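Starting off, we have a lone chain in the form predicted alone, written out as structure tokens.
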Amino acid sequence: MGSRASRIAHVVLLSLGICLTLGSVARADLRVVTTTTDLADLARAVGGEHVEVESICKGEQDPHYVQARPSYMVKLSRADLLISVGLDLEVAWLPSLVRGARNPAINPGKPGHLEASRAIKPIEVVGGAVDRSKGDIHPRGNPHYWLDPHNGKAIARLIAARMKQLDPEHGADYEANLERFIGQLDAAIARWQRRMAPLRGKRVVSYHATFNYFIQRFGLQQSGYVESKPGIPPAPAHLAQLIVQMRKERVGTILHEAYHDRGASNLVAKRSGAAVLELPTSVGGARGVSSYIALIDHLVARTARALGGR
């Protein structure tokens, strides 16, 4: 009996040892939390097997407005690296989460806190005094820069540099992963540019200023916005003026974020003869949009078709 109990104890201890060993192997070298799914996908592409990545905002959500839940603070309390969009996109919710996490490693100014906007040159930087009467203005520039794939490359390089700083032991792997991803993105950019080239100069209207980097990259022309001021529902007089302008300029497409109510855009489309093109803005925001490259692929394909391209 004693021998049988001894054998059982030995098996239990052996199993426990195996579980502990597997647990230590499975532990990522860097725990990364990002504010958006786009940053999460770029972090995974660079980090590979050495990172565990979670995103706070879901792909179908408006990243301006996220509920600061305690579960997000728990994630941040365990993070080695926090990657945010910056340019005040998350200003309404991220600072309180960082404070609640009580993790000094990810406080602003620390190596574990990275604003991806440092990698790019923002557009639409606002000069002079800014107040809420002008709407949801971002004084340091438009924060939706990831929708320009050239900015995607710059963000990936910035992430790689920070991962190498935090985990120098695997620096060569991060560099190799980066170069592999840049090669894939360069090939995709060449394909996207060929498809969009015949559409250069085509005019569009947007609900919000979300797609401006995408519009600028591919040579489209922005004719106006359904919003009269950023983040503020449009006034009837503004919509009437926009409809007249769209008829005059023969604008046939309204780019509309999937997370915004379509009421005003549908009204403008009906009275101007245009069509509403509802688009995701992040990875996971539509079926099949499971990666950063797939996101831009989706935007290019649907925009090209809407504007009369192939």
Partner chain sequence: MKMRNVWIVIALALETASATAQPQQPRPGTEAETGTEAETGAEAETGAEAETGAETETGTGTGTETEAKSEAESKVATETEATAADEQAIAGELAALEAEAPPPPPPSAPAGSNALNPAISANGLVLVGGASEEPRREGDLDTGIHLQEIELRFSATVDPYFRADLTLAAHDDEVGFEEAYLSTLEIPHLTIRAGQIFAAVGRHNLLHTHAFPFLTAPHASRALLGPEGLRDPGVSFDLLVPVPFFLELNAQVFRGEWLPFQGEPEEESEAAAEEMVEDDGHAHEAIEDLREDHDFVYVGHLKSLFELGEDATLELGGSYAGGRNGFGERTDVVGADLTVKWRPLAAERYTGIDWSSEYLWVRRGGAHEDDRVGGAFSGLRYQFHQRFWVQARGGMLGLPDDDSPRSYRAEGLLAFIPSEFSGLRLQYAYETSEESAFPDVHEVFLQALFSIGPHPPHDY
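Numbering follows the first chain given and starts at 1. Please read these numbers as outputs of a predicted model, since none were measured by experiment.
The discussion below concerns the form predicted in complex with the partner chain, not included here.
Residue contact check for Asp29: none of its heavy atoms lie within 4.5 Å of the partner chain in the predicted complex.
In the predicted complex, the partner chain sits beyond 4.5 Å of every heavy atom of Arg194.
Using a 4.5 angstroms limit between non-hydrogen atoms, Arg44 is distant from the partner chain in the predicted complex. Taking the partner from the other structure, the partner chain in the predicted complex has a heavy atom within 4.5 Å of a heavy atom of Glu249. Contact here is defined as any heavy atom lying within 4.5 Å of the partner chain in the predicted complex, and by that definition each of Val91, Arg157 and Gln165 is a contact residue. Only one segment in the set 31-39, 46-54, 276-284, 255-263 has any non-hydrogen atom within 4.5 angstroms of the partner chain in the predicted complex, and it is 255-263. For the partner-free chain shown, Lys229, Pro230, Gly231, Ile232, Pro233, Pro234, Pro236, Ala237, Leu239, Ala240, Gln241, Ile243, Val244, Gln245, Arg247, Lys248, Glu249 of 229-249 come within 4.5 angstroms of the partner chain in the predicted complex, judged by any non-hydrogen atom.
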